[in-house]
Every structure is written in C-alpha cells, then in structure tokens.
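Read the single chain below, which is given as structure tokens and is the form predicted on its own.
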Amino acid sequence: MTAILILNGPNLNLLGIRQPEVYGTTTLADIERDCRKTARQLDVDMDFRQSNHEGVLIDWIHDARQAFDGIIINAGAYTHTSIAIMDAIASVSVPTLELHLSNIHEREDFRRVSFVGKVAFDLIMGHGAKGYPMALERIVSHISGKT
C-alpha cells in the first residue's frame, strides 16, 4: 500500500487563530481530519506531523526514505530560508510535493523564494485548507505514474 508523509512546519500548529485573513479559520486538526478521509478514499496510508523545529523536520525527511513512498511538505517559513531542508529532500530521493495555504507568489518578496521548490516535483498553493486533499490526490497520481 502506498504510504504518504505529510509534514507541516513552524507556526502551522496555530492555524485557525494565526492571521485568519491570510490562512483562514480552519485548524491543523481539521486539515488532518480531511486528509485522513481523502487517504481512506485513495486507499493509502498517511502520517501527518507538525514541528516548529527545523532539525526535527529534517530527521523526519531522512526517515521517510525507509517508510514512505512520497512526502507532502508545507514547510512554512522554512520554505524561504532552509537550504538544510532542501538538501534533506534532495538526499532521500522520495518524491516530494511542496504545499502552501496561500499563494506565496502574491505575498511579500521574501516569500516568493522557495528552496523547497527547487527539489519538489510539483507545487500546490493558494487553495487554503483544500490544497491538502488536492496534494494527496496529486502525489498518489504521480507515484502511480498516472501523470
């Protein structure tokens, strides 16, 4: 069975209360619930994690090569700053999809730079919480070779 790891970076634990005008009012728990529903429909195993710590995210990426067929990552602010996360993704050779709630290309200049995007096979952004199930469908399609 296909196994997907969904990683969420810093401050995403505050979804629902953090800048609702940008990120909406849906909580990370709501998003996880929706992802689990989509994973069941797609008949895939899914693990959903969040950390505010760069090293923890890197460790999870490293461990993914042993247990997961794909990674979906919303690296939060680390998207724009972490060469270490970029290098980790490049090192494990696990198909990785970059995900963002907002459209980073329409935000502040510094948010338009994505180190994750340099090593991800695709990007879903600007769809809010609905982007997560979309990302699951996209990565499963990619892994199965249907795209």
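Since we're looking at a predicted model, the values are computed, not measured. Note that residue numbering begins at 1 and tracks the sequence as displayed.
There is also a form predicted together with a small molecule; it is not shown, and the following applies to it.
This chain appears without its partner; in the predicted bound form, the one residue of I104, V116, A64, M46 with a heavy atom within 4.5 Å of the small molecule is I104. At the 4.5 Å threshold, heavy atoms of R33 stay clear of the small molecule in the predicted bound form, well away from it.
With a 4.5 Å cutoff on heavy atoms, L12 counts as touching the small molecule in the predicted bound form. Heavy atoms within 4.5 Å of the small molecule in the predicted bound form are found in one stretch of 51-59, 33-41, 64-72, 95-103, which is 95-103.
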